[in-house]
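One chain is shown next in structure tokens, namely the form predicted on its own.
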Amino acid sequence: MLNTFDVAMCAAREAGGILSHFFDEGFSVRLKGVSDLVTDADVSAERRIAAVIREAFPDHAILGEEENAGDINAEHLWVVDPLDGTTNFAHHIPHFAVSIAYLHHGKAECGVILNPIRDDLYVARRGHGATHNGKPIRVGNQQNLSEVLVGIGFAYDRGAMMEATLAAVGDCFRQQIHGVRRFGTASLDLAHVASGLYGAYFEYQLSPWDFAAGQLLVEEAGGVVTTCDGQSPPIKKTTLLASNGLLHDQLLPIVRQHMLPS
């Protein structure tokens, strides 16, 4: 009998195959909102992920970006982004991922993040650490912001939230960080924190499918993930700050200061 980790791996691989096919053969793009894109690949991949999960666990809830609105209070909950980085995908930039997390009573037990084009696989299991292509990964050990790159993300909002993000970036630069990176795929940004490539990453608006697997990856790699005001991230749209842990208290005042009122 397959366990939840095996199912997550199978679903990610099958969805990755679908994304690779569309990436090579072409797809149609539609707008959900200003600069918020969806493609045939997103929908097809999520349907396949849901089918794999339901075949193994028909009574489990699924919360997905496109078509599945599972109960966030369910004992067994799968949080799925079939195509994280749709804008990159739509512009034929090979930096996107399938992100799948399994939560038991609201706590992530396993997470899989796969970039099928690069065949980059990040895996985390609670209590078993985190890996990249089968090799253990750890967050960096830098103790000062002047030693690191910081990953950032922008919400689709082009108004106050964009300005808040830019203001926080400015304050980060005043701490003499090495630079910022914005690659447009939250799950892979979190993987970069887990791998020690970034000292930290923040974004002012993320949905749970954007960060559920990545949060576990960072934590199992020795890092810390909170909201931008230092709370435990809820299973809903929220702010997010991930770091190697050593830098968290230095970044929290910066990102908290520029948060928009809720």
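Everything quoted here is computed from the prediction, not taken from an experiment. Position 1 is the first residue in the sequence shown; the rest follow in order.
One more form of this protein, predicted in complex with a small molecule, exists but is not displayed; see below.
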Would you please decide whether residue 53 lies within 4.5 angstroms of the small molecule in the model of the complex, comparing each non-hydrogen atom pair? no
Within a 4.5 Å heavy atom cut-off, is residue 44 in contact with the small molecule in the model of the complex? no
For residue 162, is any heavy atom within 4.5 Å of the small molecule in the model of the complex, or not? no
Does at least one non-hydrogen atom of residue 184 fall within 4.5 angstroms of the small molecule in the model of the complex? yes
At 4.5 Å by heavy atoms, is each residue in 86, 153 and 203 next to the small molecule in the model of the complex? yes
Among 68-76, 105-113, 143-151, 185-193, which stretch has residues with heavy atoms no more than 4.5 Å from the small molecule in the model of the complex? 185-193
